[in-house]
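This document opens with one chain alone, in structure tokens, the form predicted alone.
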Amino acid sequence: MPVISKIQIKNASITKTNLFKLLDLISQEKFLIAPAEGPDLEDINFLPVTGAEQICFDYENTLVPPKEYFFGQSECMFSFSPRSNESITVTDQSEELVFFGVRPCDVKAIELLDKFYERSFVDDYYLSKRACSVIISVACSQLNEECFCTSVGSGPVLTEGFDIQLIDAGNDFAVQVGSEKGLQLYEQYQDFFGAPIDVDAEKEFEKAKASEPGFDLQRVYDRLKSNKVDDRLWADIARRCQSCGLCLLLCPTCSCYTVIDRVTPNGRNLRMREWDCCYFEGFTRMAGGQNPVKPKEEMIKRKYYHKLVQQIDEFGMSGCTGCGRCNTVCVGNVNWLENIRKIEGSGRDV
């Protein structure tokens, strides 16, 4: 069963005063996750909040994407005892969560992860958490410096795939309810909402696109799939890339992980899965030390192909949502957007 059961979009509105009151009430009755400052860092991230006053309403995007609540950086799959016939104990880690303030690019990223984990082998670790979550997304009124969501169709306003979407309309927010889970939350707190108000989402999209240094995704797809990209581009990226993995570990759509066993100090045996990264040399290394993905240029090329060709073919959507996190954290000044635009304009014919 799909995580998002889409419905015909229901329109409403909410005043900013009522939104503050609503979030206060939700935080008292449920687990509310929202953009907030951490106790020791100035970075804005999705954190549990106990009141609306803790929420950061004026922010561009979080450093760490909200996917970590569904696909944890390190999570226990089960505990086991090697000497027991009934050795495996699976712990249910799912709990009902309400997210507020998720940007459209991250909602699209979660939609892609939903499709990935709903494939032929259903991943209950991820999907059980998603089934218990409701996401209230907030459309972007302007793009930040690193964003290019309009080029990949992930923002600044969503047209589908959301539970509840808020669009800033001045003193009020236009409210769009797009799923069964969103409708249940809306009906539970219906007294906070008002009559629908008009917003021109297409106009907001065109305004954002005009200010974005974007690209034609179809042309990028065509150039990559037909192998018409100058090999010197991959060599240049490989020369500057430090293989630190930050761009992929903070990418909202990356789903790679490794599985390891750990023994706790009290003797418990845990099977863990932890984020992994295809930019790490050990990621594709096989027994005997053989590595089929060499040289480094091939590793780089695979990443671009995977996100901008393979995932489009498989899921019908780009594996990049234009959030810009990779550009923000890269220590080698490897600009993802700049390189995509070079791919778009690549002139080598084969």
Partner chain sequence: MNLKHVATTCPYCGAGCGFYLKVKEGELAGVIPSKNHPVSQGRLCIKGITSWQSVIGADRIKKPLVKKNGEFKETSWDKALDLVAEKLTAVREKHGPDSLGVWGSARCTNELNYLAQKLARAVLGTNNVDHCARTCHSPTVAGLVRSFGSGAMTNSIDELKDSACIFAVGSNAPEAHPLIGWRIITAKDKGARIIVCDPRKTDMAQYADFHIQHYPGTDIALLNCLMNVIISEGLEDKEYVRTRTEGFEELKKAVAKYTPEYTEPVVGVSSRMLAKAARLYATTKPASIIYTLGITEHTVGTENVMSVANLAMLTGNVGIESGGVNPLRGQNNVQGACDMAALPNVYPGYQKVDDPQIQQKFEKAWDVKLSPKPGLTLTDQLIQAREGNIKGLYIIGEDPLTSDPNITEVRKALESLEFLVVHEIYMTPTAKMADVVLPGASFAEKTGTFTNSERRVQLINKAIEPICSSRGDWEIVCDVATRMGYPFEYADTAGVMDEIASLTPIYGGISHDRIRKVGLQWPCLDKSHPGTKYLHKDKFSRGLGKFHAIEHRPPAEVPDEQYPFILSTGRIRFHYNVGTMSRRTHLLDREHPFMFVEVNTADGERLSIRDMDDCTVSTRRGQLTVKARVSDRVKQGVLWMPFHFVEAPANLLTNDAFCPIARTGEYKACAARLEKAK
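Positions refer to the first chain, counted from 1. These numbers were taken from a predicted model, which means no experiment stands behind them.
What comes next is about the form predicted in complex with its partner chain, which does not appear here.
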query: Quick check: do I33, G38 and T264 each get a heavy atom within 4.5 Å of its partner chain in the model of the complex?
result: yes
message: I need the one stretch from 102-110, 273-281, 153-161, 173-181 whose residues put non-hydrogen atoms within 4.5 angstroms of its partner chain in the model of the complex.
response: 273-281
query: Heavy atom to heavy atom, is N45 within 4.5 Å of its partner chain in the model of the complex?
result: yes
message: Although the partner isn't part of this model, could you tell me whether Q188 comes within 4.5 Å of its partner chain in the model of the complex, counting any heavy atom of the residue?
response: no
query: If you check in the model of the complex, is L97 within 4.5 Å of its partner chain, heavy atoms only?
result: yes
- prompt: Heavy atom to heavy atom, is I260 within 4.5 Å of its partner chain in the model of the complex?
  reply: yes
- request: Report the residue, out of V199, L249, L233, L143, that has at least one non-hydrogen atom within 4.5 angstroms of its partner chain in the model of the complex.
  value: L249
- request: Check each of N18, N339, N11, T328 and return the one that places a heavy atom within 4.5 angstroms of its partner chain in the model of the complex.
  value: T328
- request: Determine the residues of 138-153 with a heavy atom within 4.5 Å of its partner chain in the model of the complex and present them in sequence order; the list may be empty.
  value: none
